[in-house]
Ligand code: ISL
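Okay, here we've got a single chain as structure tokens, the form predicted alone, with questions on binding and movement later.
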């Protein structure tokens, strides 16, 4: 067992709320802060330790709040700063931390900083953003932004281009300017004074950029905004922000970084205990969403057990005892895991529970996304009119320009769109799933009549009840948090679809065995035939697998050692 320093965020379970889609208190079709307050008993009953809110700052909403026009205020569509403070106080009274979303790489083009910066090269705010000379109609480089189109936008007033890795309405901030770094630190301090307990930092590994790329062109390769990630001063800037934050807010203040294109062999400088930068990161190493993957590649992804073995093995071998990991399958940028990697029809409940068993019992901090505890699924998109996400809309436009037919484009984005995770929370079987009395901003999944919180909270065998049970066990058994983790490798091709891992401590050993497929599979040889008792199973009968001849589809069982 590792001798880790105990902290709340290692032992806790984080729960992400996408405020726009959680609960609407005033009938305008958009979730809000008072709506979250109305559902605090639901959150507390689930047993999570912290709530992370996606951005609720003042914003023109080109990218659902990830385009910030005022870092120190709440957008009126969500409520007021006073209502936010009530929410923070109510969460704290229930022993639940509250985390914000720090959009540090870019602001809105409507932020006062950019209004000033774009007016004149002599303005003191001009250097708050990234500019590059060029001729109108010929951008400095050929890089394509994350949402399609060139990553540079012409600014007539200064006769320059500015960089935007995302939308043109989201100009990138210049972290090489010390004034920008101080501004972001001041934002963190402001929210700490308002009662916040930590931040998830949006695209944290984009804040440093290699300036030599700003004039790069290629005749053959497609240049992407991904090239701008992991710049030369990234560790320095994250260390500076995190160390100064802890000096002001205390060591318990959590700094979690979203870091796409970070991998086990590169992450240590950003989250290593000795480097004193981020506490946690998540990388999309396992879950990243490539819209242009072929159907064959997407079919191969269905062997999620193999992916998970590789993922856990690489991260544990590189970072175990040196840094802390995160476990997640869902968030606002990903399709629902039960649809992407699981079976969202005949084995939906078993598949949803299997993924929960893994994320809640593996080494690292679990991060759940709203609706995951209900087994919510992807939306059955039938038309481009169903989509609201800018990523999907820009993708449609770009693929049409390349000559793809609409039905081909729909086949690609239907299972992969971020809108899959953003459909409104399914509270009950009343109109619009009880999310709103008005017209929801995004259509509710039509399966809400059978998949909703009201029914599951009354059912002791539901996915919600299963989540509660696992959370309770994890929170009351620190050895489950800090115990060693061993990934068991398959002994034959018949075991490829089975993920087996064990957790060991002075208190004993636990085995988690999951058949991550829709077919029967043999009992893994690594499961002891004696000396074990079942903690829980995702099949209602909880028949111990040691009395079976094979594992049922999506069967996941957790065993506790009873003799040593």
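Positions refer to the first chain, counted from 1. Just so it is clear, the model here is predicted, and its values are computed rather than measured.
Below, we turn to the form predicted together with the named molecule, even though it does not appear here.
Considering 262, 423, 327, 170, which brings a non-hydrogen atom within 4.5 Å of the named molecule in the predicted complex? Partner contact (heavy atom, 4.5 Å) among the options: 170.
Though the named molecule is not shown, can you say which of 258, 373, 419, 349 has a heavy atom within 4.5 Å of it in the predicted complex? Of the candidates 258, 373, 419, 349, 258 is the one lying within 4.5 Å of the named molecule in the predicted complex.
Pick from 375-383, 213-221, 141-149, 249-257: which stretch has a heavy atom within 4.5 Å of the named molecule in the predicted complex? The contacting stretch is 141-149.
Assess the spot marked by 336, 427 and 466: is the named molecule within 4.5 Å of a heavy atom from every one of these residues in the predicted complex? The answer is no; none of 336, 427 and 466 reaches the named molecule.
Though only this chain appears here, would residue 203 touch the named molecule in the predicted complex if you measure heavy atom gaps against 4.5 Å? Within the cut-off, so yes.
Look up in the predicted complex whether residue 66 has a non-hydrogen atom within 4.5 angstroms of the named molecule, and give yes or no. It does: once the named molecule is placed as it appears in the predicted complex, residue 66 has a heavy atom within 4.5 Å of it.
Residue 353: touches the named molecule in the predicted complex, heavy atom cutoff 4.5 angstroms: Outside the cut-off, so no.
Is there any non-hydrogen atom of residue 284 lying within 4.5 Å of the named molecule in the predicted complex? Result yes; residue 284 sits at the interface with the named molecule in the predicted complex.
Who in 426-451 is close to the named molecule in the predicted complex, meaning a heavy atom within 4.5 Å? Contacting residues: none.
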